[in-house]
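Given next, in structure tokens, is a single chain: the form predicted on its own.
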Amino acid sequence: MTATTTGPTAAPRRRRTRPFAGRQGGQAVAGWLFVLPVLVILGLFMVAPIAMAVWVSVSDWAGRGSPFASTTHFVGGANYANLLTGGGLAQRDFATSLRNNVYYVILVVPIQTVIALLLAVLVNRRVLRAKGLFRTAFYFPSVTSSVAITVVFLFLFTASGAVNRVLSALSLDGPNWINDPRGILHLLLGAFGVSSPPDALRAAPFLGLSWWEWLSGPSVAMCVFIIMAIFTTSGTFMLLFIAALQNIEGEVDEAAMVDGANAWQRLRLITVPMLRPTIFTVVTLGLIGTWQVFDQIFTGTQGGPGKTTLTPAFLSYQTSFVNQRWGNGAAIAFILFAIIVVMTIIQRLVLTERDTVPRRKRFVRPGQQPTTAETAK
């Protein structure tokens, strides 16, 4: 009898699959060939310019020759430090532009969102006739050239323009709108006899501007651009709200009417919550557009009077193309990009729909004790 020895069982060999082999590999190659033109275009016209702008923001390039030439040197974060902590005119202009743009965003985004929603609800009513006419009329300013609308608004808001003529008919003296650098909040305080900053507001702890200057409010000239932005953009966002309203089933509104809800309650408790994704889109587009305002300022006031309509986007252009300080101009652009990203993240967190109902909003009958499960939540 002979003993038979068996060795360890050999592991099954894995069959190597060659990439791009077979029918699926051919489909993959075809897919890459189809998207290759788009990748090349994006690389040439988006990725490469952004990479070049990043290099310019950390270099001392003066706008002559190639930014990658040996005469251009790496300066690290010196351009960013000059804007944020430099203490000179560059920092003061940057802080002034931020202040002006903050007031512009705070006033334009909420007002245009509310007006667009109300216009959409109004135009979407079943009993309304000539809906197409109203939609076209409200949307028409959005498709008109911003330069043309800016010129029209400059004529309307001159010292002897149509707006001041209407005010004079009401026995009111209108300001010299476009040339008035006074802040709205300063004007309101001046009506109560406060014309100079108190000692507590004289300190300048942030970007070189005093609290008194930060709290000046939008200038009278900036108010013209705020009115113009609301007038031109509300029609565009109205279309987004109309599309969202038409996706809401009519039975929902009818059920609320059967339950006794009036028009305001249906709008506040049913329509607006169901429009949350559209509201997020409208607010996001509004934030991006208002932080990038440029063409109206370029056409209208060039940042004046007294730099009270200066915005970061226009300051970036002016610093780069006029003053030939390309490093500072690129740094302003990237700081503006960071601000837009942070603001978008914050408003996304605020508007995120949560599955759990807050305890204060849970329905509990009078005299009924909450269950153990509800208490544990």
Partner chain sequence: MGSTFRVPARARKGRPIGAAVAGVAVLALAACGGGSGFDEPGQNGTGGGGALRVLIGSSGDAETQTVTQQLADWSAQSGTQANLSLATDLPQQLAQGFAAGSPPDVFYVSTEAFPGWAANGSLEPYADQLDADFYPTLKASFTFDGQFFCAPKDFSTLALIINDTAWQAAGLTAADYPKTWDDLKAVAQKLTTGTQVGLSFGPEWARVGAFMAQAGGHLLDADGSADVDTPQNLQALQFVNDLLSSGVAAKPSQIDSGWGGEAFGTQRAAMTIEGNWIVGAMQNDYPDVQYTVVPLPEGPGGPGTLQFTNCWGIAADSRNKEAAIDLVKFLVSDEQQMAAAKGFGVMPSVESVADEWAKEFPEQQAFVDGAQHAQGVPPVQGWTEVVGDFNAQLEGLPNADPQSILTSVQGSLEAIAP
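Here the structure is a predicted model, which is why all the values come from computation and not from measurement. Positions refer to the first chain, counted from 1.
Omitted from view is the form predicted in complex with the partner chain, to which the following refers.
Here the chain is shown alone; which of 29, 54, 47, 342 has a heavy atom within 4.5 Å of the partner chain in the model of the complex?
Only one listed residue qualifies here, and that residue is 47.
Of the options 150, 281, 72, 113, which one has a non-hydrogen atom that comes within 4.5 Å of the partner chain in the model of the complex?
It is 281.
Name the stretch: of 119-127, 260-268, 230-238, 158-166, exactly one has residues whose heavy atoms fall within 4.5 Å of the partner chain in the model of the complex.
Within 4.5 Å of the partner lies stretch 158-166.
State yes only if every one of 89, 307 and 324 has a non-hydrogen atom within 4.5 Å of the partner chain in the model of the complex; otherwise state no.
Yes: each residue has a heavy atom within 4.5 Å of the partner.
So in the model of the complex, does residue 85 come within 4.5 Å of the partner chain, heavy atom to heavy atom?
Flag for residue 85 set to no.
Exercise: residue 61 in contact with the partner chain in the model of the complex, heavy atom 4.5 Å
Residue 61: yes, in contact with the partner chain in the model of the complex.
Can you check whether residue 40 is within 4.5 Å of the partner chain in the model of the complex, heavy atom basis?
Residue 40 belongs to the contact set for the partner chain.
Although the partner isn't part of this model, could you tell me whether residue 298 comes within 4.5 Å of the partner chain in the model of the complex, counting any heavy atom of the residue?
Residue-level check for residue 298: yes, a contact with the partner chain.
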